[in-house]
Each structure stands twice: as structure tokens, then as C-alpha cells.
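There is one chain below, alone, in C-alpha cells, taken in the form predicted on its own.
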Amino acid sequence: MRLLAKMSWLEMKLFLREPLTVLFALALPLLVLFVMGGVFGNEVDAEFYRGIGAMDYYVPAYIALVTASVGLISLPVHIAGNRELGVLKRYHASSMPAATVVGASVVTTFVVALFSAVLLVVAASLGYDIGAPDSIPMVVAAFVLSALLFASLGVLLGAVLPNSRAAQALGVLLWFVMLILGGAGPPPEVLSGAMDVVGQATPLRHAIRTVQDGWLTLDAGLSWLVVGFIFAVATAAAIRFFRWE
């Protein structure tokens, strides 16, 4: 545990030295939230946003989105970059366990995502009249599961992609696709045909529903199981394909 704590502290300092990843993790979700709030406000329209106000919908949705921002963009870039620079090879030569190296990155991902989520909720509460969570324990559980889901996907991307540029390109692409089609962009009700099918298949759509289940008591259906299943599969794949060099 002491080694994991030291590695996590080191990973956190290295993370804060990468301005682009900090921008995506902290600033971009907050910026998009206020853009959507400026466009849609918080008026209730029974046809859209699952029958609630737009900002009441988006705040819990963007709690899930920040976990995707850190997991899909920051984490794979960091892991692939460390392999590209030979950092992982040096860790391996010093007999550093892979679980410690990856675990430190996951801990950093979780801490940054948590800080970003708290910042987002505070800013939204000051700027809009949003309701408090109906069940804080369920929101916390959904956030933790969502963070683990996207951390596992991030480790998998970092494991299989050859360098940091490829990891950044694919991570940003996946993030924007999920933003637009996964329920964090336009109202999900306006998506039809192939766009709705793709949106239903994105991990973000189900992560959003789990957070909204606790925040708004909106039925998440099978989304809890879907998020757990994707996390388990991605974790197994990340363990299988992780490489030091």
C-alpha cells in the first residue's frame, strides 16, 4: 500500500504537468455544461430530457462525462506515453509490479475525476437552480462504477495503442462520439435510427443512466449491469494485453 501511495503521488504530479489532459479533465466538461445550459436553460419539456429540466438532466450526466474525459483521454495518453519513452520498461527492470503501476494511474484518474465532478456540481449549483440528489449513496456508487469503467477502458487503450499520439487521437474521437450520441450532448430523444443505436451501445449512455438513477430516481433499467459487464470485460482485456515495451 505504501508503494502504491508513493506511485499515485508521483503519477498525480506527472498528470498536472500535461496541460492538455488537465484541460480535457477539468475545463472542457464544465465549458460544455454551461454551453448546453445557455442553449436549453432548465425549463421542463415532457418530450425531452426524460421529462425533466435540461440542467437537472445534464448535471448528473456530466458527472459521468468527467469520468469518461479522464479515462478515455488522459489515462491512455499517459500509459502509452510512458511506454513510448521507456518509463514502463524501467519500472519493469526495477521489479515494479504491473498492478502497482496501473493501480497508481487508476487512483490518479479517480482523484482527478472526483475533483472535476465536485467542481462541476458546485458551479452548476451556483449558476442554475438544480435539485439535490435523491440518494447520495447511489450517486456515489454510480460515480465509482463509472470511474472504474472508463479507467479500465483507458488502461486497455493505453495497452494496445503504439504511442501517445495514437492514444490521444482515438481517445478524443471516442469521447466526442460519446458526448454527441451517448446522452451528454443533444437530447437523446432527438436521436433516431443509426444514431440512437450507436448511442444505446456507448458505455457513457449507461453510465449516465446509473448516475441519474441516484440523482433523480429515474429508472436505469439494465444499465447498472451493462456498466458492470463492460468494466469486467475491459479489465480482463487490459490485463491480457498490457505490455511494458
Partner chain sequence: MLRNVPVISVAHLQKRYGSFTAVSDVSFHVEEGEIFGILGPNGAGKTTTVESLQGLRSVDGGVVSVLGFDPVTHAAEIRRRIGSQLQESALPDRMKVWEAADLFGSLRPTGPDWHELIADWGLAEKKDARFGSLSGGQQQRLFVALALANDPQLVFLDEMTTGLDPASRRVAWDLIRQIRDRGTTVVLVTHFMDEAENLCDRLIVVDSGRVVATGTPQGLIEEYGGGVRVRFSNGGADLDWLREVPHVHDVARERDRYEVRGDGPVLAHVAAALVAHGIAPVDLRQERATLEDVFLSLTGEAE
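Numbering follows the first chain given and starts at 1. The structure presented is a predicted model; accordingly, all values stated were derived computationally and were not measured.
Same protein, other form: the form predicted together with its partner chain, not shown, and the subject of what follows.
Trainee: For its partner chain, considered in the model of the complex: do all three of 3, 7 and 89 come within 4.5 Å of it, counting heavy atoms only?
Mentor: Yes, the whole candidate spot contacts its partner chain.
Trainee: With its partner chain left out of view, which of 173, 93, 126, 118 would have a heavy atom within 4.5 Å of it in the model of the complex?
Mentor: Filtering the options by heavy-atom distance leaves 93.
Trainee: Of 136, 169, 85, 122, which residue is found within 4.5 angstroms of its partner chain in the model of the complex when only non-hydrogen atoms are counted?
Mentor: The option sitting close enough to the partner is 85.
Trainee: Is residue 237 part of the interface with its partner chain in the model of the complex - any heavy atom within 4.5 Å?
Mentor: Heavy-atom contact with its partner chain at 4.5 Å: absent for residue 237.
Trainee: Please determine whether residue 14 contacts its partner chain in the model of the complex, using a 4.5 Å cut-off between heavy atoms.
Mentor: It does: once its partner chain is placed as it appears in the model of the complex, residue 14 has a heavy atom within 4.5 Å of it.
Trainee: Could you tell me which stretch in 110 to 118, 94 to 102, 128 to 136, 155 to 163 has residues with non-hydrogen atoms within 4.5 Å of its partner chain in the model of the complex?
Mentor: The contacting stretch here is 94 to 102.
Trainee: With the partner left out here, which residues of 224 to 245 have a non-hydrogen atom within 4.5 Å of its partner chain in the model of the complex?
Mentor: The one in contact is 245.
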